[in-house]
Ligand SMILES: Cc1cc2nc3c(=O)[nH]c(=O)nc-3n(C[C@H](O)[C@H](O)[C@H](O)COP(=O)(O)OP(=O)(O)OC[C@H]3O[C@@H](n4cnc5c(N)ncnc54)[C@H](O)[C@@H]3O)c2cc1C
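To begin, one chain is listed below as structure tokens, in the form predicted alone.
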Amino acid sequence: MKSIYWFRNDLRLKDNQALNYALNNSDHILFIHIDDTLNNEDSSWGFKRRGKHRSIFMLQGLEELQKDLNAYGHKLNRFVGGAKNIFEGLIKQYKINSVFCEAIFAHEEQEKEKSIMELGVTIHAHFQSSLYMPEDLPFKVNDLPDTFTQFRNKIEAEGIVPEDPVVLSERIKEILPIFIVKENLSLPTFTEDYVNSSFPISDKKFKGGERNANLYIHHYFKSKYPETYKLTRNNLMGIECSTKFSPWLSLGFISPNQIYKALKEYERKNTANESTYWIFFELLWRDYFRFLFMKYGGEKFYKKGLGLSNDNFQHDEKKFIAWKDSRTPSSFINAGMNELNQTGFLSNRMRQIVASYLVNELGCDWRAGAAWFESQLIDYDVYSNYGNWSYISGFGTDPRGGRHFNTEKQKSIYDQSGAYESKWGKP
């Protein structure tokens, strides 16, 4: 059987169930990656879907994935354009029978999978980006609790243990490659300086790719940082204050199960305390957002979200642009937006503060803010991004409504010395 393996947000060889399934069920295989956002037209909000920060990080990882496949006698074929058109040409030219890939339960990604099925091939889409699989849950996804606390309590009450990471199938050494005659697409390179960032992707330790992800996690759990994570995670800046796993997780350079295994090993060898538990707690939040998408689908992208809030709002485009461009009346908010726009990274606390300000102080559409985060963030993840924005705005599942952060109070707590605002206050 001739197959295509389509790398999506799973840009790794280890602990990749979908990839192993493709290797174990194919005679010939073609590895591809499709970049359908690089030259994409502006979004409905007037800007690119993906900015330079995530582009740099992704391209760093794709170069590494290419080298890793080369070591097994294979090649990563990279394309820019619409997925359906690219697949149509490949299927006809190489007589492809099946397409294997990671399943992504978001509307646009699901539509791409359907369009490929329409080309007459079998598509095997395997969901694998969560710590727990849907079949591991103590309830059906349609019965998912509408608050995270209920979800967490049920998981912990059942004592469900996540699966161990899987090794790469030995079949990769035997399976015959399908070679595309023309050279790989030449993609742009970037030479940006991120030295002041809390996630400096110009530093070799923070570059994209499976190898860097594994090295970083190894060094993180060799340090004492996990023991104090809960105490420092709300700091506004600094490499050490939070785990910084999210960028590598977002593009699948590493899996949550690999992190969980390293965490458990750390607890066994060192200590298990509230901070180490909180690392698991955050992985569980990440899972919860994924299962919410499975339950509610495209409703997560509606203006009023799931329709559970009675709040009404208008969208002021001028105020949104001022927020986006760091020109609001609040110098503290402007500092946060400067950091985001210049580096592609923002602490979790600052993300909540600037999101609340856009929705509650400026009265803007939360989806515009979510779209700007999508454009700018290195660690953009459709589930977590839209899940968090709907949570802050009050258009998610939580019956308590949105989260309104008092900007001055937040500043007095988290930037008492003014160091953050001083560093990022100017563009």
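Note that residue numbering begins at 1 and tracks the sequence as displayed. Bear in mind the structure is a predicted one, so any value in this text is a computation, not a measurement.
One more form of this protein should be noted, the form predicted together with the ligand, which is absent from this view; the next part is about it.
Trainee: So if I measure heavy atom distances to the ligand in the model of the complex, which of the stretches 280-288, 154-162, 328-336, 103-111 falls within 4.5 Å?
Mentor: Among the listed stretches, the partner-contacting one is 280-288.
Trainee: Would you confirm whether the three residues 55, 206 and 217 all fall within 4.5 Å of the ligand in the model of the complex, going by non-hydrogen atoms?
Mentor: Not a single listed residue reaches the ligand in the model of the complex, so no.
Trainee: Which of these residues, 343, 77, 276, 352, gets a heavy atom within 4.5 Å of the ligand in the model of the complex?
Mentor: Looking at the other structure, the residue within range turns out to be 352.
Trainee: Name the single residue among 258, 212, 243, 128 that comes within 4.5 Å of the ligand in the model of the complex, judging by heavy atoms.
Mentor: Looking at 258, 212, 243, 128 one by one, just 243 meets the 4.5 Å heavy-atom criterion.
Trainee: Just to confirm, residue 229 within 4.5 Å of the ligand in the model of the complex by heavy atoms?
Mentor: So residue 229 counts as contacting the ligand.
Trainee: Would residue 375 count as a contact of the ligand in the model of the complex, using a 4.5 angstroms cut-off between non-hydrogen atoms?
Mentor: Outside the cut-off, so no.
Trainee: Answer for residue 364 alone: is it within 4.5 Å of the ligand in the model of the complex, judged on heavy atom distances?
Mentor: Residue 364: no, not in contact with the ligand in the model of the complex.
Trainee: Might residue 380 be said to contact the ligand in the model of the complex, defining contact as any heavy atom within 4.5 Å?
Mentor: Within the cut-off, so yes.
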